[in-house]
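One chain is shown next in structure tokens, namely the form predicted alone.
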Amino acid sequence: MVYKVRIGGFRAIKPETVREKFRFVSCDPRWSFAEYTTRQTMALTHGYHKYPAKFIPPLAARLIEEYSSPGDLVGDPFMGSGTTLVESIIHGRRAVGVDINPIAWLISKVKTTPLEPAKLTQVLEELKESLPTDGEGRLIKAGKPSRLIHERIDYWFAEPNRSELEVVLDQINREPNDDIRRFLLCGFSNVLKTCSRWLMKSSKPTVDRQKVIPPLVPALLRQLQRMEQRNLLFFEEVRGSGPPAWAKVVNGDARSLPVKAGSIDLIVTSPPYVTSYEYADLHQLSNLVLGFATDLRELRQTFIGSVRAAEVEEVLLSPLAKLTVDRLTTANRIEGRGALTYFQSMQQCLREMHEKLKQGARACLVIGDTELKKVPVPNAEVFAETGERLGLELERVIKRCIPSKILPQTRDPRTGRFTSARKAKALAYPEEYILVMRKPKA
């Protein structure tokens, strides 16, 4: 599905300061995409796997169409579940994406890889035959697969699903084709929360003691059938879209993009927020069961903004970032340190974007403001201020109201952390900004 949503009229803004560029910006309803249904935004491979803070495809599509041409290289340093990469392929662009989260790499790799439909159907039929179930959908076990040993897996999964995890994973890993095996693992990952004690729709790891947990194998087979249907549509869309497009998907650090300097035609990305390390907890089931991580504390430390991350050697260029860190440090010393490492790391990311962009190319950053320990965190202005000091011209500021988003929607008013709706008094991100920053020509 190609989103034909381009709008005309390029609008450059030329006030003297970053603060003035934000002062008179109001929400532009053309960028809210309120008319799009969940079915539309989950079309093709976009619906393979749930993921917090997902781009909606029309937003990525509009930016790709407006600021790049077919054949261009589009980058996403924080690819998440790969929405920018999928839309780049659909629109005939090449793409490169990076994310520190291992499960993000798996999802994005699978979503950007069209599979030959007949071969996929054959594999799914064979998988179903290899996982026979009884009348209640419970697996009739066979063989002795390797044991998944981790206390958090024991904590989240009850029998018989706990034992069935091992049998199913062992069977999936027997698939010799890398692309198809990853496809199966992606589907398997997406049903883990449903088939565990995890409280569904919770924005934090919470046990649901009254949950009726469905059997694993039927849930997996239904998920894979839905993915098979989406793959067929994606396969046909890509095959008929003109010159072949592709995506390079890397599990790595946004501060080291795997391309040559001056090679990217457009960046479309949504940087993480100051509490982004919380996503390590939200993805713990997939990362633990699939073997991408064994220690959650170590996984958290790799996420930008973690209060446990190693100190970064970087002097902040943004006065507003320094002021925000000072205010947070006064409110809570640990959170202040986390904010400092976050802004330092994001400054390094922006420097890397500047280096890898072509002259005259643009970076489109989608970021909202937030609050932590009752201290306002003006992310958008800090990013704009930092980018300009690194040599990126702030060409356009777009403010969009968010009618709905796959993101924990509420915050604890005391801590600023995601929490349940019954405890919250504020929306997490009711609006956000799109910063269009341009690398000047020499």
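Since the structure is predicted, the reported quantities are computational estimates derived from the model, not experimental observations. Sequential numbering from 1, following the sequence displayed.
The protein also exists as the form predicted together with a small molecule; that form is not presented, and the subsequent description refers to it.
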Contact assignment for the small molecule in the model of the complex, among Q348, T302, N173, S130, heavy atom within 4.5 Å: T302
Partner-contacting position among L44, I64, A53, L392 - heavy atom within 4.5 Å of the small molecule in the model of the complex: A53
Work out which of the listed stretches, 332 to 340, 161 to 169, 92 to 100, 119 to 127, brings a heavy atom within 4.5 angstroms of the small molecule in the model of the complex. 92 to 100
Indicate whether N287 is a 4.5 Å heavy atom neighbour of the small molecule in the model of the complex. no
Examine D253 and determine whether its closest non-hydrogen atom to the small molecule in the model of the complex is within 4.5 angstroms. yes
Residue-level question: is P271 within 4.5 Å of the small molecule in the model of the complex, judged on heavy atoms? yes
Heavy atom of Y279 within 4.5 Å of the small molecule in the model of the complex: yes
